[in-house]
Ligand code: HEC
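Given as structure tokens, the chain that follows is alone and in the form predicted on its own.
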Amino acid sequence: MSTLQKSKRWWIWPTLAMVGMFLFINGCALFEDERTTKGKKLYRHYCMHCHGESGRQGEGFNWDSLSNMEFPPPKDLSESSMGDSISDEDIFNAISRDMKDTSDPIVVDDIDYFGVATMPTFKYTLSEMEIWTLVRYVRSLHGGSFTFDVEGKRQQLESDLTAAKDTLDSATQVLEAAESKRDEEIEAAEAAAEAAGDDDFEAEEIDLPEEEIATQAAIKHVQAKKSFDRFAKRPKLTIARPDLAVTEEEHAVLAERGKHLYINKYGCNSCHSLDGQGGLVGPALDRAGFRLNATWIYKWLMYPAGIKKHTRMPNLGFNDQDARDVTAYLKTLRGPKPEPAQIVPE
């Protein structure tokens, strides 16, 4: 190639570098936009009816219902001060937490508990990755910067899972070799005893330290897989049909506890109304005792998405006893039929 030809092509490499940089920057931006879009979609489905389209108080159609309750109204997510006063992890913990009895003084005084009964948890409904996209979108509502390294967390969990799998495979191979050697030694001992005419011979039990090592490796692998799946996948449950048969006296005790849990722990009244008081997101429950089968109620409480895939009601993390208690309470709700609407002649 002549010097003239080379001189005419000097611009190729700088141009390729600029194109590469453009694709990298815009590719990252598109990736970020995709996550923000996912967070917005989840926000509109699960959060907007209380927090409003832009995060401002009074916007959501359910806001007035909540502002009249004893608990604080939904937080204003558009406040610019949130960018300095609360971290990404704080928002994550508020969205993904275990529901606790907010009438318990221990819970009230727990400065690390981010949440009130009127706000549901999404810990058992969304993957951790999805919850982080929600955090990212909430940050956009008040102009804050999202700094948590989600991709780094995913890579770390994936690396931990791979390492745990390799350790388990290695421990399993070592155990199989040890078991094979033990079996050979037992066979040899049995053959020698048979040759010596020792009919009472019984091989001695041999404990292999490799068994404990392999067991611990299996446990760590299960834990690593659960952590990765929890991050990347939505939780799924299989709910067995419960035996809800109890005496009238037992039912009364369950229902009394259920009424307390309904309000103070799971905040059901933030989405459902009774006697015209409560939220507007879900149906009124005044006649739930007539309309709903107890087994259906129990299964719905334990895993709503298992019955209705795209329901707005999240899985609140009910344990078996709490679900039985709230089921018993809902079965006591047998209000009168609403009066038919009166048509006023013009």
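Quick note: we count residues from 1 along the sequence shown, nothing fancier. Please read these numbers as outputs of a predicted model, since none were measured by experiment.
What comes next is about the form predicted together with the named molecule, which does not appear here.
Asker: Name the single residue among 129, 94, 161, 174 that comes within 4.5 Å of the named molecule in the predicted bound form, judging by heavy atoms.
Answerer: Selected residue: 94.
Asker: According to a 4.5 angstroms non-hydrogen atom cut-off, is residue 46 in contact with the named molecule in the predicted bound form?
Answerer: Yes, contact at 4.5 Å.
Asker: Using a 4.5 Å heavy atom cut-off, state whether residue 58 contacts the named molecule in the predicted bound form.
Answerer: The answer is no: residue 58 has no heavy atom within 4.5 Å of the named molecule.
Asker: Could you confirm whether residue 285 comes within 4.5 Å of the named molecule in the predicted bound form, counting heavy atoms only?
Answerer: Yes - in the predicted bound form, heavy atoms of residue 285 and the named molecule come within 4.5 Å of each other.
Asker: Contact between residue 62 and the named molecule in the predicted bound form at 4.5 Å, heavy atoms?
Answerer: Close contact exists here: in the predicted bound form, residue 62 approaches the named molecule to within 4.5 Å, heavy atoms only.
Asker: Sort through 206-214, 115-123, 180-188, 161-169 and report the only stretch with a non-hydrogen atom within 4.5 Å of the named molecule in the predicted bound form.
Answerer: Comparing against the named molecule in the predicted bound form, the contact stretch is 115-123.
Asker: At 4.5 Å, heavy atom to heavy atom, what parts of 273-305 sit next to the named molecule in the predicted bound form? List them in sequence order, or say none.
Answerer: 281, 282, 283, 285, 291, 292, 296, 300, 301 sit within 4.5 Å of the partner.
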